[in-house]
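Shown here is one chain on its own, the form predicted alone, set out as structure tokens.
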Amino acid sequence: MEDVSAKFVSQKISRTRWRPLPAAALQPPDLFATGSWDNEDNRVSIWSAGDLGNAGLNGEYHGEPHLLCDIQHNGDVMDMQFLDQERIVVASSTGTVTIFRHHQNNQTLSANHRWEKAHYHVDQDTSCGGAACTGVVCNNPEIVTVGEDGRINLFRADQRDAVRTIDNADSSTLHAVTFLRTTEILTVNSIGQLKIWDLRQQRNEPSQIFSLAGDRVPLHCVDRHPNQQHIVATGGQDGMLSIWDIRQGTMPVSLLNAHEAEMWEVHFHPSDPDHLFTCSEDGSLWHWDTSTNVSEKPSFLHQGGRSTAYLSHSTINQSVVSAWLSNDPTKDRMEITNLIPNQTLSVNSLDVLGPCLVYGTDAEAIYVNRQLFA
């Protein structure tokens, strides 16, 4: 794939995230962050995606990602999310949650704020006993974290102590979390359950519970449809993609055979959500395309906020709904492409923004595709 540039980084990459673009931005994303795991010295790094000015005569793209700055991170990077253009929130296997600030004037990273042992097994004050913080999601200034200890924390970037902690939110490991709306979050756990939590309620009980029938397959990842908050996608240990409609029932609307090993991440495209991307331990990264008709594809020129997808509501929104929520979406209108034909080691993380995809692997490499929809 000639439009993909690779960079070997001597670190197993556990997370890749595009820096969000300002709301009115016309240019494609240019910076991304990575976190590493399973190395003696783990790092959080900021990269430039490469120079579009290096495009060749035919518009093919030559620049490779280059490192702008990095900083040591204590423990494996379990998850990371940009809070805003400068700050990134990182979850550690030690249970600590850190906000790092990227100083663009001199290209350095510094620890801006740290919640030590936000997750822990026995006692927050003992020297050991931290529990891995497995997931983080941000809606500036709010930050929600989940962990191996079954705990949910709600932090604010400007406050030292947790705003709210639900101590025994789950008896099993919580693996991932996402916002459904500003006051509601959704968690997935290691026994195949989705739980919705209303942060306005004082009681520490989920407002709804959904579950995979029978097998209790651990769920590793979750993403919410950017325009239709009731549509949720999850993936887990069996590599299946599950699509849920949280308005109805307690079971997934569709279960799609996907990867041959664990699915580590699932992401709807933020401004064209009839495209969905999943990556797996089996070394594959799949692009699921439910857009019905090539001529209806939205423009990717304006990629700032979520509101700028040019979807004519009458035609496309109907097709999106019926595509993801039809009982067998693969039958009538879904194209699935593996974007990594001959990969061997685990693809741990991916992120999509505008026409660009970034992903990181256990083969100690990061890859950037600048022409996702070419």
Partner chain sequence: MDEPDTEPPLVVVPGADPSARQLCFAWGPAEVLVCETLFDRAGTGHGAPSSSQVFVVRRDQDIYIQTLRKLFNESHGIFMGLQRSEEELAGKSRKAQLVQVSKNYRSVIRACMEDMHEAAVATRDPALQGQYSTQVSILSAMELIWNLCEILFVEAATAGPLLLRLLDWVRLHVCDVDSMVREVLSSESPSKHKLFWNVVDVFVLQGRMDEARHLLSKEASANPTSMNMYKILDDLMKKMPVPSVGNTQTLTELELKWQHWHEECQRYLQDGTFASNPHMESICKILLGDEDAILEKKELMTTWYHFLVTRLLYSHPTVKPMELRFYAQSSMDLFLGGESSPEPLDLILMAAFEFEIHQVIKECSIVLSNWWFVAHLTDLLDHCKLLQSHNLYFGSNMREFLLLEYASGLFSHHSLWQLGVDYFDHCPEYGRVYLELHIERIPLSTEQKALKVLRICEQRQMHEQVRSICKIMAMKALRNNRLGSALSWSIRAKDAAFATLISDRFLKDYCERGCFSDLDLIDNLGPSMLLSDRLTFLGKYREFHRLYGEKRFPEAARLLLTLMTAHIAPCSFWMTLLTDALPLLEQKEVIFSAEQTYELMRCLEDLTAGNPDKQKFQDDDVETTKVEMLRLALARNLARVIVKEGTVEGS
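Positions refer to the first chain, counted from 1. Everything numeric in this text was worked out from a predicted model, so none of it was measured.
One more form of this protein should be noted, the form predicted in complex with the partner chain, which is absent from this view; the next part is about it.
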Within 4.5 Å of the partner chain in the predicted bound form, heavy atoms considered, which of 223, 289, 281, 245? 281
Which of 105 to 113, 80 to 88, 153 to 161, 171 to 179 lines the interface with the partner chain in the predicted bound form (heavy atom within 4.5 Å): 171 to 179
Contact label in the predicted bound form: residue 260 to the partner chain, heavy atom within 4.5 Å: yes
Taking the partner chain as it sits in the predicted bound form, is residue 37 in contact with it (heavy atom to heavy atom, 4.5 Å or less)? yes
Report whether the minimum heavy atom distance between residue 45 and the partner chain in the predicted bound form is within 4.5 Å. no
Just checking whether residue 214 would be counted as a contact of the partner chain in the predicted bound form - the rule being heavy atoms within 4.5 angstroms. yes
Going by heavy atoms, what in 7 to 21 lies within 4.5 angstroms of the partner chain in the predicted bound form? 8, 10, 11, 12
